[in-house]
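Below you will find one chain, with nothing else, as structure tokens; this is the form predicted on its own, and questions on how it binds or moves follow later.
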Amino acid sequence: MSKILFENRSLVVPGDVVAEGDRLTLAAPFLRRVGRSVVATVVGLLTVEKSNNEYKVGLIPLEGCYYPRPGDVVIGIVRDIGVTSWLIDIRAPLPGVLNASDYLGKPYSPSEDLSKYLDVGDVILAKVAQFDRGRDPLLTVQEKGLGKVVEGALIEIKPSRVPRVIGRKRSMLSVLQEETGCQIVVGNNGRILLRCPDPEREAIAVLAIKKIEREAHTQGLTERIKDFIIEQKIKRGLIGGSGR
């Protein structure tokens, strides 16, 4: 028999015993088993799903730096140019590596100057292709929508807050995009790209995202963010007082 000791979306801290029993599936690396107990290792929000007689227990961390995983979408900044690759700042302990052959989609001649394609300070949207902790993360841009970022505003939040900005089934991200009219790309590494119709809506989007970052541990956040954006639009004269 298994027992969950905290309610779904409860705030837990390192050392909290969140569940006991054998019929438990752990869905996050921030939980560990100690005998028949499951213990939290970071500050975060507990997630609990029940299927038949088994529980799936996860933990959304609220602190910590970004650790790459294959398949993650990241927003990186070019920090150095090598002979055949670029070193990319992805806010991780190790820099990302983007090979010239991957970026160009063809074999690359080292005699060319890579800076004519990507220079220091340029922003890219990429995916983590490989990372085994034994070497720098390998990045790829060989998928639709990836590559050099040529427009938009960039902001940063704590990587641990990314799940809250996206929301369950992308609910929070949908509210942000629908209410601000901005196109928003959220990198797993805590960088967020905003493409907004005007500076006012961009400012509202930034304020809303920063509010999510500050209040990530609270309940009912999605509705509060929606109300906050509407209030900001009324204040700035983007909509009437009725909220339309």
Partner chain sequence: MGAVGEKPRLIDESGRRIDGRRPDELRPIEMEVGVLKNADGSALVKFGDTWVLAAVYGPREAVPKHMTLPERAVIRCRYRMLSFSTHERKSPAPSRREVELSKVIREALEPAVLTELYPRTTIDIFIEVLNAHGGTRTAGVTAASLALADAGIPMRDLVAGVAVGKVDGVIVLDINEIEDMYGEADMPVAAMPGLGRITLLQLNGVLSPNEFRTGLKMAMEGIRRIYEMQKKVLRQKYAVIEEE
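Small disclaimer: the values here were computed from a predicted structure and weren't measured. Numbering follows the first chain given and starts at 1.
FYI, the form predicted together with the partner chain isn't displayed, but the following is about it.
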Quick check: do L11, R135 and H217 each get a heavy atom within 4.5 Å of the partner chain in the model of the complex?
yes
Among 178-186, 47-55, 26-34, 201-209, which stretch has residues whose heavy atoms lie within 4.5 Å of the partner chain in the model of the complex?
26-34
Tell me, out of G71, G105, P93, G147, which residue has a non-hydrogen atom within 4.5 angstroms of the partner chain in the model of the complex.
P93
Would R161 sit within 4.5 Å of the partner chain in the model of the complex, counting heavy atoms only?
yes
Using a 4.5 Å heavy atom cut-off, state whether V39 contacts the partner chain in the model of the complex.
yes
Does any part of G64 reach within 4.5 Å of the partner chain in the model of the complex? Heavy atoms only, please.
yes
Contact of C196 with the partner chain in the model of the complex (heavy atom, 4.5 Å):
no
